[in-house]
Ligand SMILES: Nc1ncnc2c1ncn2[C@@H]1O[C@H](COP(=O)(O)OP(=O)(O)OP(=O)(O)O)[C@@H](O)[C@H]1O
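Starting off, we have a lone chain in the form predicted on its own, written out as C-alpha cells.
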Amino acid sequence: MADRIRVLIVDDILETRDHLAKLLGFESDVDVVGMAPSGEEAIAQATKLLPDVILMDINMPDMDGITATERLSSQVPTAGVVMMSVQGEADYLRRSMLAGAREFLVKPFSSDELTASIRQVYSREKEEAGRAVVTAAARNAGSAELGTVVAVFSPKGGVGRTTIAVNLAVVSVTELNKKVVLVDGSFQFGDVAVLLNLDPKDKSMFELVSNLEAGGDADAVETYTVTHSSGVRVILAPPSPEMADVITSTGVKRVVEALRQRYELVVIDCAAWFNDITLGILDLADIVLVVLTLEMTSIKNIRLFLEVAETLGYQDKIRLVLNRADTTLGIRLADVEHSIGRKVDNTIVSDGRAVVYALNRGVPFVLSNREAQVSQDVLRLATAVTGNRQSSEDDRKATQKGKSLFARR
C-alpha cells in the first residue's frame, strides 16, 4: 500500500478548515490527521501528531502563520509547510520562504492546486531526507565518488548567467580534462542551444523526463544528451515553451542524481526565478554559483536571495561571482560587499567584443579567444569549482600579467 500523506490544517475560520478537510477527503493518498484554529494550537498538535504537511493560513489573530512556521521549522523539521493567503504580494511570499514554508497558495485556489502542492512538498521533503541516506550508503559501500553538481543561478536575468555556465562547462573539459555534462535548467526559454549552436531535435529534458515518468530506466539518461564539439555532453531545454509544463521537480531530481553518478561535473544553468524545480536543483547542488553585476537591481535581488538561502540552508555552498567586474558604473566592489554583507568569491571581467562575437557565432569564448582575460577568469572559476590543484600554463601566465580590476589579492 502506498504511503498516505498526513496533513494538519491550520486556519482560524471553521468553515475554511471544514472545506479543506472535505476536499482532501476525496484523495486516496491523503489523511487529514488534525485541524487547528490558531498558530499556538498548530504547534501543539504538530509536535504530537508529526504530520508530513501542514496547511498554514498566514493571517491568524493570536500568532500569524509566518511566526508559527518559524517555530515549526525547528520543533517539527520533518513537516513541510504550505502557506495559504488571500494576499499574493511578493513580500508575503518572501517572508513565508524565510520562515521555512515550501509552497505558497493564494486564496481562492482550486482542489487540483491544493493537492498538487501537498504532494510536491511531501515528495520533496521525503526525497531530500532519503537522498542523504542513499548517498552515504553508496559511499560507505565503496561506490565510485559521486560527481560535483554546480548550479549557476541568479535572481535577476541579464547578468550573464547562461554565458558563464556554458563557458564554465566547456573550459572544464578542454583545460581541466573533466568529464562534464551541461544541463539547460531554464525549460521555457533556455539559451544553451543557441550559445553552443546545437539543434535540439528530439533530444531534450522534455523527452528525458517523459521517459522517466513513463517508467523508463535512469541508466538511459545519456541517450538524451547531445555532444558538443568540445566534448561537453548537453541536456537541452525543450524546443517549445509549453513542453516545460510536463517537466516535474521529481523527474528533474532523478535526472540530476543519475548524472552525478556518471560525470565528474554536472553544470546546471538554472532559471532566474524561484519555483519548485529551481528549489529542487538548489537542494541537490554541491555548489551554487550566484551571479551578480554592478547594478543596484542585481545587488538588491542578491541581498534578498541570500536571506532566503540562509533559511533554506544554502549559505555554505554559495559562491558569489561578480560578472563584468571592471565596468565603471559608479559602484565599487566594497560597496557591493557591504550592501549584501558577504565577500565576493570570484570575479569575471567585461569583454563585450569577445563575448558578443562568440555568442553570435555559437562558439564559447573560451574556445574562440582562450587568451582573453575573460576566458582566463572563467578558467580560474572552473579550477576553484572542480578543486583542480594544477593550474594550466596559460592560467599561470595570465596571473603573472595581472589580475582583473577587482580580483582577490
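So that there is no doubt, residue numbering starts at 1 and follows the sequence shown. As the structure is a prediction and not an experimental result, all values here were calculated from the model.
FYI, the form predicted together with the ligand isn't displayed, but the following is about it.
Visitor: Scan V180, V255, V159, V321 and let me know which has any heavy atom within 4.5 Å of the ligand in the predicted complex.
Guide: In short, V159.
Visitor: Which residue, A36, A68, L55, V374, has a heavy atom that falls within 4.5 Å of the ligand in the predicted complex?
Guide: Residue within 4.5 Å of the partner: V374.
Visitor: Would you say all of D191, I348 and D351 touch the ligand in the predicted complex, counting a heavy atom within 4.5 Å as a touch?
Guide: Looking in the predicted complex, the three residues D191, I348 and D351 all sit within 4.5 Å of the ligand (heavy atoms).
Visitor: Tell me which of 307 to 315, 76 to 84, 160 to 168, 232 to 240 has residues with heavy atoms within 4.5 angstroms of the ligand in the predicted complex?
Guide: Checking each option against the 4.5 Å cut-off leaves 160 to 168.
Visitor: Tell me, yes or no, whether A384 is in contact with the ligand in the predicted complex, where a contact means a heavy atom of each within 4.5 Å.
Guide: A384 lies outside the contact set for the ligand.
Visitor: V355 versus the ligand, in the predicted complex: is there a non-hydrogen atom within 4.5 Å?
Guide: Yes, V355 sits close enough to the ligand in the predicted complex that at least one of its heavy atoms falls within 4.5 Å.
Visitor: With the cut-off set at 4.5 Å between non-hydrogen atoms, does A44 touch the ligand in the predicted complex?
Guide: Taking the distances in the predicted complex, the answer for A44 is no, it never comes within 4.5 Å of the ligand.
Visitor: Determine whether any heavy atom of L49 comes within 4.5 Å of a heavy atom of the ligand in the predicted complex, and answer yes or no.
Guide: Looking in the predicted complex, residue contacts with the ligand do not include L49, since no heavy atom lies within 4.5 Å.
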